[in-house]
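Given as structure tokens, the chain that follows is alone and in the form predicted alone.
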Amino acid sequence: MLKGRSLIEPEDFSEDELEVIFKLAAEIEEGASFLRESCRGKLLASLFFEPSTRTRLSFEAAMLRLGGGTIGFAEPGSSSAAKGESMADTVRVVSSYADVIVMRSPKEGAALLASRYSQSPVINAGDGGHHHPTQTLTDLGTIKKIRGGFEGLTAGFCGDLKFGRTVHSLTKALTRYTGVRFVFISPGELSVPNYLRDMLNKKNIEYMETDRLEKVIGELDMLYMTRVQRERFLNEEEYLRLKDSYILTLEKLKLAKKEMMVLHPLPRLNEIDIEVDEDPRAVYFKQAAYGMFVRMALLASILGVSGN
């Protein structure tokens, strides 16, 4: 069903196709052995024109655990891009070596462009402030695993909602499910972009915006934390005034539901106090670990070795 397909944005796969990936990821996590060595002889090329740790290592670990191999580069300075080679030419050449390409770029739309020149499927590992679909698959899979489904979810997003591609991708993906309500928590300077508001309004999906986490945390089934970035503020005093409002502490968690889950795409700086790590609602490290299983399921499906 997914064999040979590229993944550029979350909407490229139907809800049913996502369910196939989540089911396969759960089976892999539970110890299913039928995919071991299934990618023997297959190569993944990781083309990272922007630094990454978790996403790149997660993909490489996923491919190695499936029995395949990896090639590629972790930053553009170690590729022919440093010599001025175009991304299109790089993709043309690399796709003649590898069975699947995973690419991250600071330029929006780069993955889509790459898919038009590649002989092999392309997986978008993040393109500027646009999409990060495998993080979205990880986020969705984590929510489903913990909550059992998405219907009726009240989803809170806190921090940098203007530039955060993980926020944009997950918001768009969640609009496909019934009864999901959104709560956006951010300073005015970092509020959600207008295109997301327009999309929610067009679909008649309920949402609200606030600059106070304590005001709404008690309503949430999920809180997705992101970093408030100092570099986005023109006024240092305004940043210093607002930054502590977006740090999740145990004191603030006292106002939340006992079953609320706290997600974070990582890396974390100071937006979640380390004391929160021990709270059972903090699932962000489990979320990162689950991402490898989701990527194993994705690679197996795209390479046609999963049996689905």
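Position 1 is the first residue in the sequence shown; the rest follow in order. Given the structure is predicted, the values throughout are model-derived calculations rather than measurements.
Separately, the form predicted in complex with a small molecule exists; it is not shown, and the next lines address it.
Enquirer: Pick the stretch from 59 to 67, 247 to 255, 25 to 33, 46 to 54 whose residues have a heavy atom within 4.5 Å of the small molecule in the predicted complex.
Expert: That would be 46 to 54.
Enquirer: Quick one: of L266, V283, V276, M260, which gets a non-hydrogen atom within 4.5 angstroms of the small molecule in the predicted complex?
Expert: None of the others qualify; the residue that does is L266.
Enquirer: Counting non-hydrogen atoms within 4.5 angstroms of the small molecule in the predicted complex, say which of T142, S120, T171, Q135 makes the cut.
Expert: Here the answer is residue option Q135.
Enquirer: Could you tell me if R104 has a non-hydrogen atom within 4.5 Å of the small molecule in the predicted complex?
Expert: It does: once the small molecule is placed as it appears in the predicted complex, R104 has a heavy atom within 4.5 Å of it.
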